[in-house]
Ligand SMILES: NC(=O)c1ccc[n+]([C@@H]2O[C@H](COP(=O)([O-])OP(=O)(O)OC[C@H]3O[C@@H](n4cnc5c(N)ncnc54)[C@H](OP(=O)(O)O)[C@@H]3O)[C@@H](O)[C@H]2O)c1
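Quick heads-up: it's one chain on its own, the form predicted on its own, in structure tokens.
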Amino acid sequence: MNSYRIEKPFALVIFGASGDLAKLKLFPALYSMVEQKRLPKEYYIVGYARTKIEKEVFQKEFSDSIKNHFKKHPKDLNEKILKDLTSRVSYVSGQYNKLEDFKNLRKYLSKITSNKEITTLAYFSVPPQVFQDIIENLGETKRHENEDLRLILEKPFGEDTESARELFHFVARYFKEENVYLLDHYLGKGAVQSLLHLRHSNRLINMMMKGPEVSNIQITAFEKIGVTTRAGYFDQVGTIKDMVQSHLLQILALITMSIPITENAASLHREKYSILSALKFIESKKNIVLGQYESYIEEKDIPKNSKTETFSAMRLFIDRESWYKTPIYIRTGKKLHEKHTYVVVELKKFAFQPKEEEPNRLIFELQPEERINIRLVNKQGQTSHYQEITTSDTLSCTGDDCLPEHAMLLLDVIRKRRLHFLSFEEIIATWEITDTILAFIEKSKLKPEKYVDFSPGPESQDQLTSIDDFKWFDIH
């Protein structure tokens, strides 16, 4: 028997089941969980959305989205598993702000589960504007105070510090914090989870990644695609809110935090918060670069005068003794020359080392490859020629843990494992630093610099690292 198999029955209600997130990520994740025999004999999947369609139509959409996921490798799709999974899928249409519709959803759940009390997961695959309506109506229709109802909220959590706090207080009116799972899908990636495990289990790596040993840290997240179908949403938020506020600041925290002795959720959240709450942005135009790819304003639904940034790079510090004066550079953007996410930890050089000599580096590649790379500099013989000794190993998952990130995180919710979810305190801390940066951009009237589609991005990003006599390290 699979040691990670869930034994107890559950029902999963997906709010916004007709949307892109559900079709692209959640439905294929559910298939992978069934394929790997992770789910119990008894489980129920209910789609809920405002669109009025018949159950059979929704089942076909569900099945087609999984087939589409296997379009490049159709032979890998097990039709028998897909048919069984689809037969367990049903659909309820209703508004998010109508209590009566949620009462009907409750009656339907009672009917299909033969009125048994089982764990119910409510997945919010909806825009944040309707979070409060769903939370309130779920709270009002609970069977009783201690019902096992778990909310899974996917980022963004609010749109600034104030709205995030408001969401926190609103959720607390209806649900205990232990019943709320705040999901950032980046934390479900095997390579991101490996950052924690590597540091926890490898004394050598952890010693190298201490503040006094590090000259600078670089976090790069490049995408080749543009805004695609997310144009309307993206133009309202930009890349700082979309990528930096959650995904990349979480990676920063995992790289720089003190390692808790025990790998439990409370300890991890405490250590991450201690970093995120100490982040500092020095208000100067030298410390931030904004960019916009040239064809952005030609995209569908994008205003011709849009000043939304599709690229951002920034220089941050951690206001703690252990990381004093260690610059952290973050850059991310769309429609760039490559799809690549990686972290470079550059180690300090001895005072007697030549200036032109390359530093030793730890490189964590997260996408598209998942691996750790240690690059050490070595002098060849008596000459002044230097070579790099590189050791590399994969961070890709193996064996039973190979699941897509949404599947891993769903499995964690069912098992009540909170390690790879966020705390509200972390979210507030990341919004506070984000709000500081955005307020400075507005105050300084900073406008994005145009960059050529599929190029490495704005040229001025190099000025950011040169302040401290460093250079961006590009993996080729």
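Residue positions are given as counts along the sequence shown, with the first one as 1. What you are looking at is a predicted structure, and each value in this text was computed from that prediction instead of being measured.
Below: the form predicted together with this ligand, not depicted.
- Contact with this ligand in the model of the complex, judged by any heavy atom within 4.5 Å, is made by just one of 223, 370, 154, 235: 154.
- Checking 364, 96, 311, 329 against this ligand in the model of the complex, a heavy atom within 4.5 Å turns up for just one residue: 96.
- Here the chain stands by itself, but in the model of the complex one stretch of 316 to 324, 173 to 181, 125 to 133, 342 to 350, 125 to 133, has heavy atoms within 4.5 Å of this ligand.
- Although the partner is absent here, residue 433 sits far enough away that none of its heavy atoms falls within 4.5 Å of this ligand in the model of the complex.
- A residue is said to contact a partner when one of its heavy atoms sits within 4.5 Å of a partner heavy atom; residue 19 meets this definition for this ligand in the model of the complex.
- Though the partner is left out of this view, residue 50 does reach within 4.5 Å of this ligand in the model of the complex, counting heavy atoms only.
- Although the partner is absent here, residue 230 lies within 4.5 Å of this ligand in the model of the complex, judged by heavy atoms.
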